[in-house]
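The chain below stands alone and is given in structure tokens; this is the form predicted on its own.
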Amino acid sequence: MNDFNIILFLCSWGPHPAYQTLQDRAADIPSEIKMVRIPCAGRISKALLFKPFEMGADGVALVGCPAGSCRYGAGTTNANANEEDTRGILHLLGLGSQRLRLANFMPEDADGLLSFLRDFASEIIRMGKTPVSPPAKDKALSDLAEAARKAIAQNNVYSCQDCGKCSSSCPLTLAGKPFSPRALAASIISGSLSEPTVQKDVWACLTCGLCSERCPSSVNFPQFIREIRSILKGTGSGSAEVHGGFLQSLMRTMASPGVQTRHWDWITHEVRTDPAAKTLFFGGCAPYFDIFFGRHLGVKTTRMITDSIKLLNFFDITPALLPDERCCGHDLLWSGDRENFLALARLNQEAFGSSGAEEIIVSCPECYRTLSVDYPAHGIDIPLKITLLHDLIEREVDKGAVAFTPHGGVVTFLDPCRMRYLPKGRELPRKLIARLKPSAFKEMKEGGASSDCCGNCAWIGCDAFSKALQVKRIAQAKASGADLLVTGCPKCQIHMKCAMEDPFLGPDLTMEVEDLTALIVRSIHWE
């Protein structure tokens, strides 16, 4: 029995008539190919190109019209860009970029199309079955009301005093969105979880934690929302995943045990690593972010990783790297996909345990929070010391003999949500910035202890209000008088860059954005 599965996305205009000709002739089209008719090859986004691979497809062919013949003008150009980027992702995942192929045919070229399909099917069979297992399905709960009651009790939601301090501090509410944490909590307590408006607000919450910080009753609202999302996942409730759900698909794919990523293929020789080292550096998802967002935003979040390793090298630390490093699972957990988060966490637990390392250095605040807090909370024990890079830098600098070339500019800092609530999470970045001796450090309005979110979390719920929040944060940074906005999280940088693409306010929002590690690595030196 043939068990290969190849998805063919076929444009309705040029190649589909050619395909119909093959069918009329009863041509021997490879049986492994499953055809999906589409309006234009350029309409198949990176998320749609990648989705079949998440579900276990062995190959994907995207067939459109030759350049100059696209009915929609830019279809061929868009298809070329999306195919190239998705191939890059497949390479990093270790699946093989050859599993995706783009071709273009006119209606009269039926023989050329048949030759392409046969050649591609042969190539996929030669490569073998995909190592990706279809992701675990969300478990449907028989009693949603009871599950919700447990989430309410575990997170102290019954203690809500309806005082309104949560709503008065919520960034989304202040951005004008008709959203209230206390109203949402009250609706769920009253048994209205199945109401569409309630479910919509569950997915809208940024889980930034400002509401919980202000709550006099210590209601853990972010964790409560996370639990409710997990409950709703089993009902098939839409999770408002942005970018077509691409980033969640990517992470669920990495939860397959058979996947052996090539996570570090991009790393340059300017950094030193040692596979036998007792210190392991965990880099995070920046390589995937750069491919996915690179054309649109020009982000270079991999610089954060390279600069982090350079700083370790500066302190004579030559770290090991996991060749097949996977995502930490932060976004799966916070978007309610607990089953696949746990599958990914267990794979990471095994990889860390067998690495021979004694300490993990992490530069991404979301990775640090996930490994040090969320893994243990879900019964995933990591028998290694987990250290945030900023802590290591401060510790090493305190030993002396280290100096910094003064930065000279005026800077401000955007606090990552997952760092603000960690010990020294607010103070440490500012202490490091002070060591760089800028001309001035200007705290932006709603900065520090009252710092707002960058507008999105876990790649869900991005809308006009979260975009307004991003625009507001940049406006506040510029209003502070700073000429440089410093971040400590790759996603904050991506979201700030995205806000600068505003077609109306773009010129007024243009501002230099830099990661803190980049500033440090450029100025640190031995005395």
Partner chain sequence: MTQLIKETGRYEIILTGFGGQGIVLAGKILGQAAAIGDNRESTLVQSYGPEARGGACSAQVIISGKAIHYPPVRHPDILACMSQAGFDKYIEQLTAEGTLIIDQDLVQPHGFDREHFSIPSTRMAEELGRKMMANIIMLGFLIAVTNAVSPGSTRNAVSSSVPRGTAEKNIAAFNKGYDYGLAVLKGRQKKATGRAGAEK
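Numbering follows the first chain given and starts at 1. For clarity, every value in this text was computed on a predicted model and none was experimentally measured.
A second form of this protein, the form predicted in complex with the partner chain, is not displayed here; the remarks below concern that form.
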Study note, to complete from the structure: Exactly one listed stretch (311 to 319, 217 to 225, 292 to 300, 380 to 388) reaches within 4.5 angstroms of the partner chain in the predicted complex by non-hydrogen atoms, and it is 311 to 319
Point to revise | Any non-hydrogen atom of D3 within 4.5 angstroms of the partner chain in the predicted complex | key: no
**Study point:** 4.5 Å heavy atom contact, E427 and the partner chain in the predicted complex
**Key:** no
Exercise for review: Determine whether any heavy atom of I7 comes within 4.5 Å of a heavy atom of the partner chain in the predicted complex, and answer yes or no.
Suggested key: no
Review point. Heavy atoms within 4.5 Å of the partner chain in the predicted complex: does G408 have any?
Key: no
Review point. Among G258, G400, G236, G176, which has at least one heavy atom within 4.5 Å of the partner chain in the predicted complex?
Key: G400
Check your understanding: Which one of H243, R149, K165, R272 is close to the partner chain in the predicted complex, taking close to mean a heavy atom within 4.5 Å?
Key -> R272
Exercise for review: Taking only heavy atoms into account, state which residues of 498 to 527 are within 4.5 Å of the partner chain in the predicted complex, ordered by sequence.
Suggested key: V521, R522, I524, H525, W526, E527
